[in-house]
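A single chain comes next, written as structure tokens; it is the form predicted on its own.
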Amino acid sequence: MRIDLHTHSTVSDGTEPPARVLAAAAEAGLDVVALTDHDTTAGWAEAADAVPVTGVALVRGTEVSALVGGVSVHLLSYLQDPEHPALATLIARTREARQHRGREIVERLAVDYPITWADVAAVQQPGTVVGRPHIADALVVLGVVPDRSAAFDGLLAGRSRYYVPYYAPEAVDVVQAIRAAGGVPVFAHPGADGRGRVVPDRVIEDLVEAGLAGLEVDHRDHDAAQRARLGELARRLGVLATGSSDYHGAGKPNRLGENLTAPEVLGRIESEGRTPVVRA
């Protein structure tokens, strides 16, 4: 069984609609895929409707923004109740903060480049959670940069003078909210130093005490040494080790199925989650 537990659609910063993500998963030979758009569950229904057509089982999830001591981190929530107020409230506040932050980034860029908020809106799907990838796409359309990667390497990088931080809840609070909502929390790409500072092991230990269920060990942003370290840490802490693509369609080079999760790990996630896996 081939299982990929981290993908994105146009509901957040992917380039393909949820149904197309399921179709692409089928084309890639996957049996199970998780849709984990940033801070939203808006793509769940469309993805679930595609399960009978594609034959690919769906793990409904969300990639939730969080902070640890000022360091931005992401926590994957699997099979949670999307209506539970503990998590829904945190996510709604983060989405609002993303919107304000996006507007401020565009205002800063507009001083030096020909970009407006309307340009960003033109590359988004209705109801999409705003993120830097959408601003990057607008910059590409305007001819300011050649592609998303160039935008993130320069104008939209964390060190750029156009960069704007945004509110996100503390990671311990997110883990507890995911558990309260019946979800299964897994730390996304915890060793990805290209995204900023990497949190130390003691922080991960604190998150495990709060209810963290696993670590995303096999990810393209982890080299062999990071995978070995995180795999050993997961074993020591007695938590799950997952693998996934972090697929974004054409938005990133990540390919569906390039890293996989073991069937027994999915079984554990399913046994702990409140929302069932959608199967054909």
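The numbering used is simple: start at 1 and walk along the sequence shown. Values in this document were obtained by computation on a predicted structure and should not be read as measured data.
The following text describes the form predicted in complex with ligand AMP, which does not appear among the structures shown.
- Partner contacts here mean any heavy atom within 4.5 Å of ligand AMP in the predicted complex, and among 111 to 119, 175 to 183, 200 to 208, 131 to 139 they occur only in 131 to 139.
- Remark: T89 does not count among the residues lining ligand AMP in the predicted complex, judged by a heavy atom distance of 4.5 Å or less.
- Contact annotation: R103 falls outside 4.5 Å of ligand AMP in the predicted complex, judged by heavy atom distances.
- Taking the partner from the other structure, ligand AMP in the predicted complex has no heavy atom within 4.5 Å of any heavy atom of R229.
- When ligand AMP is considered in the predicted complex, K252 lines it closely, a heavy atom lying within 4.5 Å.
- Judged against ligand AMP in the predicted complex with a 4.5 angstroms heavy atom cut-off, the residues R60, R95 and Q125 are out of contact without exception.
- Of the residues in 37 to 66, only H38 comes within 4.5 Å of ligand AMP in the predicted complex through at least one heavy atom.
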